[in-house]
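Below, in C-alpha cells: the form predicted alone, a single chain.
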Amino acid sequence: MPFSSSTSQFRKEVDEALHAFVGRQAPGLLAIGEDLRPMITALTALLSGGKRLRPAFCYWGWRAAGGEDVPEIATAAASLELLQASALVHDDVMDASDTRRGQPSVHRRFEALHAEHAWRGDAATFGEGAAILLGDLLLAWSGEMFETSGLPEDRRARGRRVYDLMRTEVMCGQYLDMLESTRAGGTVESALRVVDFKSAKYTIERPLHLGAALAGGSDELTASLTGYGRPLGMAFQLRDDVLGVFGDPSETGKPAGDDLREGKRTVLIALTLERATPEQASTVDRLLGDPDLSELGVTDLREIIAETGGLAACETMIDRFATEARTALAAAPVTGEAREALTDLATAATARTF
C-alpha cells in the first residue's frame, strides 16, 4: 500500500537522523575501550530494522497541529526509535526470545560472543546482562537525542511532559504483560489493559500527542487524536497478536508460534479460552508457555484458536477498533496532507503492510 510522498521522505529523514546520532555517540564509547565495539555493532544492527511507525505518528501529530516540515522534528521523532529499541531489547530478555527482526536478539548475540571467546562464567547470564545494559543505554540516548534535536526549549518543554508519561506507561504495561503471563485464567478485560498500556498508547496515541504538543496543538486537537490513536493502537496490537501465532516468519521476523512458546496471555488467547470446551482449555493450558513446543503443538493450538472462534472474535475486535479510529479521524480538526497520511497509516497499522 503506497504512503504519501511526505511520509516516505520522512522515514528516510528518520533513518538519517538515527545514523548521524549513533555516529556522533560511537567515538565516545570507543574512547572508553575497544571492548565496547560489540555494543555499537549490536545496536546498529537492531536500529537498521523497524518500520519507523512511532516517529511517523509523531510527525503527523506535529503537522496536524500546524508544525512545519523542518529537520528538527525528524530528529526529535527519531528519538522514539531509540526508546523502542530499548524496550525491544529488554522485552526479548524477559521473553527469552531468540530472534528479533529476522536476526539474533541482542542477548543471544552477546551470549554467542561469550561462548566464542570461551570466557569464564555462564554465557547466557552474560548475554542477558549485556543486553540489559545496552537497553539502558538506548533509553538514556533516547532522552539525549530528543533534548539535542534543535527544537526550541519551550517546544521541548511541552513535549517533555508527554515523553515522560509515555515512558512511564510503557514500563507499567510491560510489567502488566509479564504479570499476566504468570497468572492462570486471565480475562479478555485484563488482556486488553495490557494492550492499552504496553502498546496502544505507546505506539500511536502518545507519539501523536508528542508531535502535537511540540507544535503547540490545542486541547481539542489532542482529544481528537486520542479518539483516533487509542483504538488504532488497540487494533495494531491485536493484529500483532494474530501474526504472532499465524504470521509468516519471513514477514514477522520471528519464528512461527513464538508467542505461544513464550506463554503470552494475549487477547487472542483470552477470547479462545472464553469459548473453549474443558478439553480444549486443558490443552491450551498444557501447551501454552512450553519453550520446547513442537511444530505439531503449535498446529494443535492454532486449530483450537480457530475452531473455538477465538480468531474470528479477535478479527471482529480489530475491525471494530479500526472503524472507531476512522470515525474519530473523520470528525477531527485535521485537514489536508495530515488527514491523508493518518488515513493511510490507519490502514497500514491494522493490515500490517508497511
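In this text, all values refer to a predicted model and were calculated from it rather than measured experimentally. Numbering starts at 1 and runs along the sequence shown.
Below, we refer to the form predicted together with another copy of the chain, which is not included among the displayed structures.
J.: Look up in the model of the complex whether Ala112 has a non-hydrogen atom within 4.5 angstroms of another copy of the chain, and give yes or no.
T.: No, Ala112 is distant from the partner.
J.: Answer with yes or no whether Ala140 is in contact with another copy of the chain in the model of the complex, where contact means some heavy atom within 4.5 Å.
T.: Answer yes; at least one heavy atom of Ala140 falls within 4.5 Å of another copy of the chain in the model of the complex.
J.: With the cut-off set at 4.5 Å between non-hydrogen atoms, does Tyr202 touch another copy of the chain in the model of the complex?
T.: Tyr202: no, not in contact with another copy of the chain in the model of the complex.
J.: Mark Ala306 yes when one of its heavy atoms lies within 4.5 Å of a heavy atom of another copy of the chain in the model of the complex, and no otherwise.
T.: Output for Ala306 is no: heavy atoms all beyond 4.5 Å of another copy of the chain.
J.: Is another copy of the chain in the model of the complex near all of Leu29, Ile32 and His90, within 4.5 Å of a heavy atom of each?
T.: Judged in the model of the complex, Leu29, Ile32 and His90 all sit within 4.5 Å of another copy of the chain.
J.: Looking at 219-227, 162-170, 74-82, 240-248, which stretch has residues with any non-hydrogen atom within 4.5 Å of another copy of the chain in the model of the complex?
T.: Among the listed stretches, the partner-contacting one is 162-170.
J.: Can you pick the one in Glu189, Glu116, Glu279, Asp136 that has a heavy atom within 4.5 Å of another copy of the chain in the model of the complex?
T.: Contact residue from the list: Asp136.
J.: Which residues within 125-150 place at least one heavy atom within 4.5 Å of another copy of the chain in the model of the complex?
T.: Heavy-atom contacts to another copy of the chain in the model of the complex: Thr125, Phe126, Glu128, Gly129, Ala130, Ile132, Leu133, Asp136, Leu137, Leu139, Ala140, Trp141, Glu144, Glu147.
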